Ligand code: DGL
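Next up is one chain by itself, shown in structure tokens, the form predicted on its own.
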């Protein structure tokens, strides 16, 4: 069983990519909307929350857990790997290296939560591949708007209106790919980068390396929302199809 963990429905953007490679897997998707958003919480709060959720997923039989939330990955993956040594954790991360690989000279905007941008893990990545033409932008409250299916047009115009000469946009929160079209309305024809493809490749590599079965006769998905919100579940199935 593979667990997919996110602070809400944003991780579905990662899950959709995983399903392209593992179409008949057995998955538990845990939407922790009760504690959404993670990005504005302290490190201590996030680690406490992750401990509780990971314990539940392990109890339900997950040997592999995908952290489909950039904040959870940036702040918590090292802690979780050290504490739960028998569990394989696959962590999403902002695809800043992809800018280095494909368009290193382009003016780049990294959109992420405050928790991700301030995390040690992300800053290590950023300084390693810094193209010296990058803006780091904390998008406070944006993930929550997306989570609750609110109109983000006004928010984006106010936040992004001054960045009209951007070439690359790194989507550093798994909620953000859900609003690519809205971002393009403000910034124009930018190139997006997110970490879902790289994560999927790493997941498959780890499953094969550890000889963990991941192909079955048919796909099984169990959806859990920590707030038991029927709207969240309905939206999950709408997005995943």
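Since the model is a prediction, treat every value here as computed from it, not as a measurement. Residue numbers count along the first chain shown, from 1.
What comes next is about the form predicted in complex with ligand DGL, which does not appear here.
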Taking 4.5 angstroms as the heavy atom distance cut-off, pick the stretch from 171-179, 50-58, 204-212, 191-199 that is near ligand DGL in the model of the complex. 171-179
4.5 Å heavy atom contact, residue 113 to ligand DGL in the model of the complex: yes
Taking heavy atoms and a 4.5 Å cut-off, does residue 90 contact ligand DGL in the model of the complex? no
Does any part of residue 143 reach within 4.5 Å of ligand DGL in the model of the complex? Heavy atoms only, please. yes
Sequence-ordered list of residues in 12-40 near ligand DGL in the model of the complex, where near means a heavy atom within 4.5 Å: 36, 37, 38, 39
